[in-house]
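Below, in C-alpha cells: the form predicted alone, a single chain.
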C-alpha cells in the first residue's frame, strides 16, 4: 500500500470518526443541554469539515501519483 493510499484511508477514517463523535455530542447536548457538549459537537464537526478540505487538497496535489 502506497503512502498516498494509506493517507486516503486514514483521512477517510478520521473524518468518519469526527462525524460520529460530533453526532454523539449533539445527541448528548439535546439530552442534557450542557454547553460543553455543544462546543464539543461544533468543534468535532468543524474538524471533520477541515479534514475534508485537506483531503480534497491532498488528492488534487497528488493526482499524478499512483495508488500502488
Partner chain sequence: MDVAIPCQVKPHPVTGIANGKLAIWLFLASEVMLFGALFSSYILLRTNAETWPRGHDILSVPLATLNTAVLITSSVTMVMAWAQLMMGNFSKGRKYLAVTLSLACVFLVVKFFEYKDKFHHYQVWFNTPTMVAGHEVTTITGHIEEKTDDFIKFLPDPPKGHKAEAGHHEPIKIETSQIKRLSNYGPWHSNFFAVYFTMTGLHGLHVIGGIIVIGYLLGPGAKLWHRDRQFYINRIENTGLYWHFVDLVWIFLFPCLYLI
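Since the structure is predicted, the reported quantities are computational estimates derived from the model, not experimental observations. Numbering follows the first chain given and starts at 1.
Here the subject shifts to the form predicted together with its partner chain, a form of this protein not shown in this document.
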query: Contact flag, residue 51 vs its partner chain in the predicted complex, heavy atom cut 4.5 Å; finding: yes
query: 4.5 Å heavy atom contact, residue 26 to its partner chain in the predicted complex; finding: no
query: Residue 59 within 4.5 Å of its partner chain in the predicted complex, heavy atoms; finding: no
query: Any non-hydrogen atom of residue 13 within 4.5 angstroms of its partner chain in the predicted complex; finding: yes
query: Contacts with its partner chain in the predicted complex - residues in 1 to 31 whose heavy atoms fall within 4.5 Å; finding: 1, 2, 3, 4, 6, 7, 10, 11, 13, 14, 17, 21, 24, 28
